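As structure tokens, one chain now follows by itself in the form predicted alone.
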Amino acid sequence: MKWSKLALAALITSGAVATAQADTVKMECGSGATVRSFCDYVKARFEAETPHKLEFIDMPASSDEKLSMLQQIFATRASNVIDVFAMDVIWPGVIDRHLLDLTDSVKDLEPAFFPSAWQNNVVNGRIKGVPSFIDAGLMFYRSDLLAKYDEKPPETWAELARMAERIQNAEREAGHRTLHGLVFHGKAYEGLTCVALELIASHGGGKFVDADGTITVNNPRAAEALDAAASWIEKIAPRGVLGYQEEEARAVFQNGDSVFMRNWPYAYLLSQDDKSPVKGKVGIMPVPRGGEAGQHAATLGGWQWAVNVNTKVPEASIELVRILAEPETQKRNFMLMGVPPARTDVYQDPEVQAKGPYLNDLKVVFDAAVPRPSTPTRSQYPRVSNAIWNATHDVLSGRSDGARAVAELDTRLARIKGKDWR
């Protein structure tokens, strides 16, 4: 979304008026009662523990719209609009040069966080963000249906496909005609890049682009993974998944019309709502392995706290980031909004365990989370992801096959890279 010059100018102008004192830090805070409660908690702590003041700035809720607005702010080199903001997990490489280097100020915090979440914010050896909360892909399943058919949660994709087909067909014969074996978000968008990464990495086919920037997608295991997923369409997954985003998949599963679902942790709490048809009937497990030699590979998600490189108050901003990284702050974030903490020690807190006993099942998922290739591909990641999701969608829809798709994707990524990622 392009913000008008008038709207952007108004924000910058209002910022100039409000930043009369150098000790005022401007931090992004979203809308909604629970978000504001968290921000108020942070403000109270920050102003009690430091000599500084905290002011909240509204930003767009949509990740794409927010990135667009930030890039416009960065382009003006405005130092009076925003100091500390939340950064999507795929942004560090994209906006690297606009992020304050936090290495010397926060490197001591690294052991407290999930390694995957921390390393995602390291660009060219420099720390550009501190994790706020972590997210990763999960497989949801109907625990009541697996028990009914004497099945255990599958370890591999092949086992999942067998189980899904068996239960789907038996239940349809028994009268549940709308039941599907599996739903996931297969529309051609960023969510499909996440699914494709899990499929290929779990089969041992790499991560499209390695950490050093080498393109690795053109290999037999990557092709096999995509072909396996294509075989699900109209067999255990409805053709409609090719147009699903997360919420469409969740609606089908939560209505009781699917045995398995790939989604994010947020869907679990919603599935356990008092009005949910599947309350008490849902289990969660890691994304399956791609065969006996494969591995569990959940796509890393989540948000990080970062500092605008143009800030006039870097020291105060860093003090704020350190408070945002503390265990009590991450605990408060979870208790208010249900987002999984990025710090591992918070999972041992009795109150956290009482509110989210399912978090224990998520730790193994977060430990094995795989980042998208956004850091090595830097500002070109949006084009890279677009190429990935389109190639994957072509295979799922039957317009291509795995071998051809990964070969063509390799060529396209090489063309995007040119001499080097920039």
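We number the residues from 1 along the sequence you see. Between two forms, the rigid core is defined as the largest C-alpha subset superposing within 1.5 Å. Please read these numbers as outputs of a predicted model, since none were measured by experiment.
The same protein also exists as the form predicted together with ligand GLC; that form is not shown, yet it is the one meant from here on.
- Taking the partner from the other structure, ligand GLC in the predicted complex has a heavy atom within 4.5 Å of a heavy atom of Gly301.
- Proximity of Ile90 to ligand GLC in the predicted complex: non-hydrogen atoms within 4.5 Å are present.
- Shown alone here, Tyr189 lies within 4.5 Å of ligand GLC in the predicted complex, counting heavy atoms only.
- Proximity of Ser379 to ligand GLC in the predicted complex: non-hydrogen atoms within 4.5 Å are absent; the residue sits far from the partner.
- The chain is drawn here without ligand GLC; in the predicted complex, the stretch among 324-332, 155-163, 347-355, 190-198 whose residues come within 4.5 Å of it by any heavy atom is 190-198.
- When ligand GLC is considered in the predicted complex, only one residue from Trp305, Tyr244, Trp264, Phe114 comes within 4.5 Å through any heavy atom, namely Trp264.
- For the stretch 363-394, the set of residues having any non-hydrogen atom within 4.5 angstroms of ligand GLC in the predicted complex comprises only Arg372.
- Once the rigid core is used as the reference frame, the Cα position of Leu182 differs between the shown form and the other one by less than 2 Å.
- Once both forms are fitted on their rigid core, the CA atom of Ser62 lies 2 Å or more apart between the shown form and the other one.
- Whereas the displayed form keeps them at a certain spacing, the CA atoms of His203 and Asn120 lie at least 3 angstroms farther apart in the predicted complex.
- Panel note: the distance between the CA atoms of Cys194 and Ser63 is smaller in the predicted complex than in this form, the difference being 3 Å or more.
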